[in-house]
Every structure is written in structure tokens, then in C-alpha cells.
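Below you will find one chain, with nothing else, as C-alpha cells; this is the form predicted on its own, and questions on how it binds or moves follow later.
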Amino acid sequence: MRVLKLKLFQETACYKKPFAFKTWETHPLPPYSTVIGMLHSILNAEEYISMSISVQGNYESKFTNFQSIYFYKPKEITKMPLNIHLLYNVNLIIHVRAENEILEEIVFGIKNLNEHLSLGRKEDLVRIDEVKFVEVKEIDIDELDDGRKIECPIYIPIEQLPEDVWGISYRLNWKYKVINGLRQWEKINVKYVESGEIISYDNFLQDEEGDLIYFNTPL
């Protein structure tokens, strides 16, 4: 199986958690909806395009920035000082599985961008370090004597979580439908698994460079 692999860098980023109003807390990695939003922006998509993604990465540290945020209402503009949690020096690996034509369009779109890319807030700029196609294969855990160590923090959907691996629970936005003028999100239950955990019991996907892959939707 051939998929698209992106290596991204952000000096700072805030992947805001829903309902975090007085303090903007951030997820440790971008939620699926945030990543797919960036990919759809690259594609200039006007409707949802089916794809699966895997998200992993790390950051150097986390800090708080005190900012004045403007709120636009129909008849007035207000502002409020808020604490914004920011990740510093973020490195991400994104795997994308979709129709080959779609993957080629993403590559073309990245090479012909009309404006900067962002991931998270508009000001959370993205530097694209690498874009390439990679082959993916399933690894039989029974062929490994010592299991497989997770080298990079990663989101793993609950239904794919290896039996012996521990992580922090999140319920991430994926895609939405507009019902009565409101967005109704489809969500995916995942574990955020830190590096150092060992996979001992279940098979897993791995690309040709040795990076793990856990797609958010079934293959």
C-alpha cells in the first residue's frame, strides 16, 4: 500500500480544545479535524473528500502566552485577555491514505501554494520539511522478539489500541455535518500514547522508514 507522508514543523502551535474558553488549552497533537482542514485547504476542496490520516509528533516544551482576543458579534466587537497554551518547536509526521489522484493533487497543491499554511490557529505557521510517497506494510508482532517500542507520541483509535499499551483518552473531532445551521461533529475516541510504550501483542502498520501508522478510520 502506498500512502503520502508529510513531515511538518511549527515553531509554536495551539490546537485548541473544544469548550476551553477562559484558557485556551491545547491538545498535544493536532486533532484529525485540524489536519483534514489543512489538507482540504491545500486541495481547495468545496466538499468533504474521503481520506484516512495518522498523526504523530513531539514538541520541545509548552508555555503560556497572555493575549487579548477579539470576539466578533453581529453588532459589536469585544475583547478579553486570555491565557493561551502554546506548544514550542513542534515536529509532526502525517500519513495520508486516499485515492491516488487525491494524493497527487495534495502534492501538486503543496508545490503551488498561494499563501502560507497554518495548522491550529491562523498564525500557527507550518514549515513543510518533506513530502513523499512511502510503502506501508503490516508487521506481524509474533516475528519480533522484544515487541515494538513506540518512538514518537501518536494518536491511536481505541479500537486499534494494542492490549498492553497505555495512553491518555481524547475524543477528537473528525468531520461534521451542518444540521439546522449548526455543525454536528463526528468524533473518534483515541488514546494519546507517549514514546516508550511497548507493543507486544497486536500487529501494526509501519512505513518503509520504520515509522508507525495508526489511521483514524478503517482501511
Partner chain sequence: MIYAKSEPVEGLKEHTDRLIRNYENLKKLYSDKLNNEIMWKLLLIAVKYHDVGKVYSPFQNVIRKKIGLQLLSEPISYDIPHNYLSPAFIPYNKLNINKDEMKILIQSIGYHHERDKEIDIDKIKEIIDKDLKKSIKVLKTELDIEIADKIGTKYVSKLIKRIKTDDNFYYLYVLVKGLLHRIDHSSSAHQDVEVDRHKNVGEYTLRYMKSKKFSLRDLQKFALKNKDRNLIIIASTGIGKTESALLWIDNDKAFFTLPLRVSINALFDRVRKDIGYSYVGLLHSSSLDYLDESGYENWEEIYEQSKMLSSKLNFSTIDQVLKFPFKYRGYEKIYATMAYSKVVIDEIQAYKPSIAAVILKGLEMIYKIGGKFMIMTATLPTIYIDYLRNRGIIQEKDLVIREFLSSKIRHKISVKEKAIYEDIDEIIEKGKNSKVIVIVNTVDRAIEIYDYICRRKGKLQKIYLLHSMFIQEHRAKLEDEIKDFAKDKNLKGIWITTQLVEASIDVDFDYLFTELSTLDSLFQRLGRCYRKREYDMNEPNVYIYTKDVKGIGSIYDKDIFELSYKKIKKYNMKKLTEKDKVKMVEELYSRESLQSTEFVKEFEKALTFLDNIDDYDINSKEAQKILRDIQSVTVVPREIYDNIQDLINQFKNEKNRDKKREIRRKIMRKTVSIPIYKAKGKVTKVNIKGLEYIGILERKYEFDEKKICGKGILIEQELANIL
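Here the structure is a predicted model, which is why all the values come from computation and not from measurement. Positions refer to the first chain, counted from 1.
Although it is not shown, the form predicted in complex with its partner chain is what the next lines describe.
Contact annotation for residue 127: none of its heavy atoms lies within 4.5 Å of its partner chain in the model of the complex. Shown alone here, residue 46 lies farther than 4.5 Å from its partner chain in the model of the complex, counting heavy atoms only. Contact check for residue 80: no non-hydrogen atom falls within 4.5 Å of its partner chain in the model of the complex. In the model of the complex, its partner chain lies farther than 4.5 Å from every heavy atom of residue 109. Contact with its partner chain in the model of the complex, defined as a heavy atom within 4.5 Å, is made by all three of 142, 149 and 198. Stretch 162-170 is the answer when you ask which of 29-37, 162-170, 57-65, 178-186 has residues with heavy atoms within 4.5 Å of its partner chain in the model of the complex.
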